[in-house]
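Below you will find one chain, with nothing else, as structure tokens; this is the form predicted on its own, and questions on how it binds or moves follow later.
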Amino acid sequence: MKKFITYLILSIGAIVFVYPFFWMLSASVAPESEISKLVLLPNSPSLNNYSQVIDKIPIFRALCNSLLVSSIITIGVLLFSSMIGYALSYLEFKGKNLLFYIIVFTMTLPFQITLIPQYILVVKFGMVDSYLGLIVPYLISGLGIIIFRQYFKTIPIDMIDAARIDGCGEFRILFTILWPNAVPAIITVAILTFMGSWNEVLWPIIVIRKEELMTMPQLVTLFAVGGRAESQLGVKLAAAAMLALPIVVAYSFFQKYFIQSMASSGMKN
């Protein structure tokens, strides 16, 4: 009976979370007249809404832009966060703990506080209306540093000392010894970073004005609220479904590593 109640509660919670996404997918292939009825299975489904999205906006160019920007940011965060996490875990230098506390403190600051200074710097460096303006400000992640630091601390120091005795440099230790043993942490940081950069809307709207450089969330947002969707809810839902699908697919493949890293890196506490 206890297991039954537990699974019942979990099932209800799953339905509550999954229902809006399932309805969005269903409504995106339904005629406009049926969407207001909240019907889960439309009588005459079609891909007309998706074809209208493709015809009205350069959705595939925006998809390529988002993949490019999010992939470069993810790679940069993995490199820099792992290097900083390694330094905070195994290297001894003055101010190490203070630096770590500063990194943790920056995570408590709302994005709106640094928005204006960050934009001024991007303008001064001439990175407005360019991929650099989207990528460079996000190459460092405080959360990524913390995850790598916590995970590296679970790896025995004897392994690091043995590598140093054999003549390995710090970069070789990091990329040939620690990285293969930190796959769950790498995948977790990669998923969180990719999802965060993929879903970012405010910053691209501020620094990008050329349509050919717009990311997919930015273009879909402007499409939905800017009038180009012509108040057709089905077309808006189709655009939203195309935006969410890559993240859902990526997470479904890597969720095992994501949960494993969260459980072993100390984030569960």
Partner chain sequence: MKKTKLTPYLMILPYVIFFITFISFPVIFSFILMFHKWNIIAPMQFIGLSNFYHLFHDSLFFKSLLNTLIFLIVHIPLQIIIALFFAVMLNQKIRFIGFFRAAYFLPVIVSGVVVTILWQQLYGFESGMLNRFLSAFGIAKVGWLEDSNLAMMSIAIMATWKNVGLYIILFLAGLQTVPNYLYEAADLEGATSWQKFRYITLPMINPTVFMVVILSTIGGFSLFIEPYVMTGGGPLNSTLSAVLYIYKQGFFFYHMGYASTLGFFFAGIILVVIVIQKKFVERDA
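Residue numbers count along the first chain shown, from 1. The term rigid core refers to the most C-alpha atoms you can superpose between the two forms while keeping them within 1.5 Å. As the structure is a computational prediction, the values presented were derived from the model and not from experiment.
The following text describes the form predicted in complex with the partner chain, which does not appear among the structures shown.
Is K37 near the partner chain? Define near as a heavy atom within 4.5 Å, in the predicted complex.
Yes, K37 sits close enough to the partner chain in the predicted complex that at least one of its heavy atoms falls within 4.5 Å.
Does T221 reach the partner chain in the predicted complex, with heavy atoms at most 4.5 Å apart?
Yes, T221 sits close enough to the partner chain in the predicted complex that at least one of its heavy atoms falls within 4.5 Å.
Give a yes/no on whether R209 approaches the partner chain to within 4.5 Å in the predicted complex, heavy atoms considered.
Answer yes; at least one heavy atom of R209 falls within 4.5 Å of the partner chain in the predicted complex.
Can you check whether E92 is within 4.5 Å of the partner chain in the predicted complex, heavy atom basis?
It does: once the partner chain is placed as it appears in the predicted complex, E92 has a heavy atom within 4.5 Å of it.
Quick check: do I54, L67 and Y131 each get a heavy atom within 4.5 Å of the partner chain in the predicted complex?
The answer is no: none of the three residues contacts the partner (heavy atom, 4.5 Å cut-off).
Contact stretch among 179-187, 147-155, 67-75, 192-200 - heavy atom within 4.5 Å of the partner chain in the predicted complex
Only one stretch passes the 4.5 Å heavy-atom test: 192-200.
What is the one choice in A229, A62, L243, A30 with a heavy atom within 4.5 Å of the partner chain in the predicted complex?
By the 4.5 Å heavy-atom cutoff, the listed residue in contact is L243.
Can you tell me which bits of 104-122 touch the partner chain in the predicted complex, meaning any heavy atom within 4.5 Å?
Counting only heavy atoms within 4.5 Å of the partner chain in the predicted complex, the contacting residues of 104-122 are T106, T108, L109, P110, F111, Q112, I113, T114, L115, I116, P117, Q118, Y119, I120, L121.
Does the distance between the two CA positions of K37 reach 2 Å or more between the shown form and the other one, the core being superposed?
K37 C-alpha, core-superposed: shift of 2 Å or more.
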